[in-house]
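In the form predicted alone, a lone chain appears below as structure tokens.
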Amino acid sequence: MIRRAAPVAVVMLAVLVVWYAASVWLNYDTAANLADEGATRWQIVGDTMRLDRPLLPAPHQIVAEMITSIFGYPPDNPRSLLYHAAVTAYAAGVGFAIALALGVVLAVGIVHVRTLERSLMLWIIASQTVPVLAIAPMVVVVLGNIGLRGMLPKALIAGWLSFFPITTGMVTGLRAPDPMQRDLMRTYSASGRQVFAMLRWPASMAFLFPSLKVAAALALVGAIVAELPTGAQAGLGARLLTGSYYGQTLQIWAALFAAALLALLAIAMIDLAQSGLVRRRGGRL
């Protein structure tokens, strides 16, 4: 345990040292302008850690802002960070579910129907070359004109951004079994459905779960980006936008850290599901 934790602790310590040094460097001029006449250099350095609107907040300032935003207001209060995180998490979760269903269906079709592989794979790859910032306003406007507003446009954008790794991962996984294994199944007179259920599908799980981790992070990014150009009133994207309008750098960084924690939580849940599946199949972690 110590051998695993030590490298992580060393990296975290190095990041903190560099972060604090950069915070002092970037905020020094602002702190010097606000300092009392006759203040020493070390007093100004200390003031860089206490600015209300620093250019680069120190880590302890971000933690303090997160604690205040989370525990200082009821969870359903629009000023609560939990409220905004829940809005974004819900949209990202719905988008992730859409991406999972779409990605698996497309992968199964591509593996079993050669025509779909030739016609769809190029478009699936090309869909990821369009910047999400360019397509998000168009999706919101088009869906808004037909009466679909609120969470659904954000979920669709999150799903559009995250279905690609699921599709490609599942295609690779479904094709992972060795040709000799497939020939052996045919020797036993296994049907195509049995080959899929007993060979292809179990083999694809080793590729699906890493793809799900990437897709979960992309779904969260898609949900946040979808909130930026739409004038959303809730969500981490709206929190970032409000903070940028009013120069609240602490609010911006707190929202960024909240998004990172949501991504870590999603990855942990996927790891837990993978562990449960491995144990159910009699494997070892």
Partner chain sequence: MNAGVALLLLAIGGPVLLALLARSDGRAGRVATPLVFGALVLLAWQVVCAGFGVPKILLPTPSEVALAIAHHVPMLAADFMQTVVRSVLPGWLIGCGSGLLAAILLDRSEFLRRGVLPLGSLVSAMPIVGVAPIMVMWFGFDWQSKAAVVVVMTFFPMLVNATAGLASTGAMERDLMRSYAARDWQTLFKLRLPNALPFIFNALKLNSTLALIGAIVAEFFGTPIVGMGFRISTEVARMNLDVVWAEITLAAVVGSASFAVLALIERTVTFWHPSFRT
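Positions refer to the first chain, counted from 1. Owing to the predicted nature of the structure, the values given are computational and were not obtained by experimental measurement.
Just so you know, the form predicted in complex with the partner chain exists too; it's not on screen, but the next bit is about it.
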| item | value |
| --- | --- |
| Listed residue (Ser69, Thr249, Thr48, Gln61) with a non-hydrogen atom within 4.5 angstroms of the partner chain in the predicted complex | Thr249 |
| Position in contact with the partner chain when the complex is considered in the predicted complex, options Gly192, Pro74, Pro131, Pro179, heavy atoms within 4.5 Å | Pro131 |
| The partner chain in the predicted complex: contacted by all of Leu102, Met269 and Gly276, heavy atom 4.5 Å | no |
| Option from 152-160, 103-111, 170-178, 120-128 whose residues, in the predicted complex, bring a heavy atom within 4.5 Å of the partner chain | 120-128 |
| Proximity of Val10 to the partner chain in the predicted complex, heavy atoms at 4.5 Å | yes |
| Proximity of Ala263 to the partner chain in the predicted complex, heavy atoms at 4.5 Å | yes |
| Residue contact check: Ser244 to the partner chain in the predicted complex, 4.5 Å heavy atom | yes |
| Distance check, Ala32 to the partner chain in the predicted complex, heavy atom within 4.5 Å | no |
